[in-house]
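Next up: a single chain in structure tokens, the form predicted alone.
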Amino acid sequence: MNSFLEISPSVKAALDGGQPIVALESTIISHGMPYPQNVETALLVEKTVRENGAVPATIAILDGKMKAGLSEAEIEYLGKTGRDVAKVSRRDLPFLLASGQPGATTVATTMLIAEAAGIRIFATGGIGGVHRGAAETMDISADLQELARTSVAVVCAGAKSILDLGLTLEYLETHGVPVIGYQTDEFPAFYTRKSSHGVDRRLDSPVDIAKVLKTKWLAGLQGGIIIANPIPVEHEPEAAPIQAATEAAIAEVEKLGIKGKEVSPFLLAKIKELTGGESLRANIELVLNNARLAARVAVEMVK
């Protein structure tokens, strides 16, 4: 696998020097937001990681390589190219690497490449999960299976509210993936802080989280762990409009027959439209909040 892995000089220096590093995904750049907000946000997330003491490693597929650490020009390219860049999960990797086509990594693929590079902490917006109606469609995100087998901690604002959060948490429990609530007893629902679903354990400091991560992996317990970090109160949108927009967007997906990996980007874009951009503003703030926490946990991990 290493012959297909390319680590940027800054990330390589951080690895060699035992510095804290935070992995970042690239699907949020190409598929999660419109240009130029996607590029501005990606660069701001990297800046936030640095300001909190860690080295950012944005991950993508470029020129037939799994790249851990992107230049500003590469981030700009992904942002401008947008959805013409392939959205890459684990199953897509061999095709993209063989063809040399560019690819933006999902949570699952970012975890996989981060672990290969030796990076243990990853910040994203929200994880994928069990889609509504999965009893008939079997539409379950590859993110969940990756969390079960790949030893990377994922800092997120819970799972996207477009999903079945109860079944998502049941799936994680079945596969032995711990769910930590950072300063919360309730699993956040991406745009909003509450979901009516609990977490496995509440921890209130980056030090406590780092201790649990170290203990888990030193004990030989393979697999990932979720650090659920609610959107800050001051940036949380009103729940009712978000819920109404979500239900309307899901109804349109069913009407249009959209399936597979195109569902989430369509829903997020539709919710943004229906909320007048409020969901996008919340999305940016929660990603920055997750980057801050991930960096602080990474710093404690190397102490």
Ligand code: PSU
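Residue positions are given as counts along the sequence shown, with the first one as 1. Values in this document were obtained by computation on a predicted structure and should not be read as measured data.
A second form of this protein, the form predicted in complex with pseudouridine-5'-monophosphate, is not displayed here; the remarks below concern that form.
Participant: Looking at A114, A189, V107, A153 here, can you tell me which has any non-hydrogen atom within 4.5 angstroms of pseudouridine-5'-monophosphate in the model of the complex?
Facilitator: Of the candidates A114, A189, V107, A153, V107 is the one lying within 4.5 Å of pseudouridine-5'-monophosphate in the model of the complex.
Participant: By the heavy atom within 4.5 Å rule, which residue out of I271, I28, V49, I61 makes contact with pseudouridine-5'-monophosphate in the model of the complex?
Facilitator: Going through each option in turn, the one that passes is I28.
Participant: May I ask you to state whether R120 is within 4.5 Å of pseudouridine-5'-monophosphate in the model of the complex, using heavy atom distances?
Facilitator: Judged by the heavy-atom cut-off of 4.5 Å, R120 is well away from pseudouridine-5'-monophosphate in the model of the complex.
Participant: Is there a heavy atom of A142 lying 4.5 Å or less from a heavy atom of pseudouridine-5'-monophosphate in the model of the complex?
Facilitator: So A142 counts as contacting pseudouridine-5'-monophosphate.
Participant: G103 versus pseudouridine-5'-monophosphate, in the model of the complex: is there a non-hydrogen atom within 4.5 Å?
Facilitator: The answer is no: G103 has no heavy atom within 4.5 Å of pseudouridine-5'-monophosphate.
Participant: In the model of the complex, does G79 come within 4.5 Å of pseudouridine-5'-monophosphate, counting heavy atoms only?
Facilitator: G79: no, not in contact with pseudouridine-5'-monophosphate in the model of the complex.
Participant: So which of 37-45, 244-252, 61-69, 263-271 is the stretch with heavy atoms within 4.5 Å of pseudouridine-5'-monophosphate in the model of the complex?
Facilitator: Stretch with heavy atoms near the partner: 263-271.
Participant: Does anything in 152-186 come within 4.5 Å of pseudouridine-5'-monophosphate in the model of the complex by heavy atoms, and if so which residues, in order?
Facilitator: Going through 152-186 in order - heavy atoms within 4.5 Å of pseudouridine-5'-monophosphate in the model of the complex - there is one hit, K160.
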